[in-house]
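This document opens with one chain alone, in structure tokens, the form predicted alone.
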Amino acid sequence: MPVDARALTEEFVKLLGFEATVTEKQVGDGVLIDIQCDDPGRLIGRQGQTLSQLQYLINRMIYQKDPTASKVTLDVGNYRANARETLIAKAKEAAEKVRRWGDIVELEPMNAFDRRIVHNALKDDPTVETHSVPVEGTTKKAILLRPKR
């Protein structure tokens, strides 16, 4: 029996003490669960960490019941969509600096999800290449942008 990701998320958020409206939408090969509540900052957390952890827990609970279920992406108040647009704009701005000055530009350390967004945003740029490099003391990696050789 398939797991109802929307109902599971709604119950989970309710148990955390939030009154929220939860909607579900199919996107690509997964499911986007959007949560609307009065205090979105508490569900999002610093730099989206709470939201990412909540998403991890929801996906683990779904996988436990149905290993074939689609992956769920959680969003609270369009946080992920806005963060994605900001990240893409930052990547394009850094690419413009590389084109203009010919120097290497290093973006701040990011998790794998955010790095993938940056790499995909610049993959078709014929003048700039991107590389992830480890950052000492953290599990995150930084992205180096440099002119294509």
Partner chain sequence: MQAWLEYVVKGLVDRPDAVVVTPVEKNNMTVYELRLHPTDVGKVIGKQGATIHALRALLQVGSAKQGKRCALELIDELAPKD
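What you are looking at is a predicted structure, and each value in this text was computed from that prediction instead of being measured. Numbering follows the first chain given and starts at 1.
Here the subject shifts to the form predicted together with the partner chain, a form of this protein not shown in this document.
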Q: Quick one: from 60, 46, 100, 116, grab the residue that has a heavy atom within 4.5 Å of the partner chain in the model of the complex.
A: 60
Q. Of 31, 35, 110, 54, which residue is found within 4.5 angstroms of the partner chain in the model of the complex when only non-hydrogen atoms are counted?
A. 54
Q: Please determine, with the chain shown alone, which of 117-125, 102-110, 61-69, 89-97 has non-hydrogen atoms within 4.5 Å of the partner chain in the model of the complex.
A: 61-69
Q | the partner chain contact at residue 15 in the model of the complex, heavy atom, 4.5 Å | A | yes
Q. Does the partner chain get within 4.5 angstroms of any non-hydrogen atom of residue 144 in the model of the complex?
A. no
Q) Using heavy atoms and a 4.5 Å limit, would one call residue 42 a contact residue for the partner chain in the model of the complex? A) yes
Q: Find out whether any non-hydrogen atom of residue 3 is located within 4.5 angstroms of the partner chain in the model of the complex, and reply yes or no.
A: no
Q) At 4.5 angstroms, heavy atoms only, are 27, 82 and 85 all close to the partner chain in the model of the complex? A) no
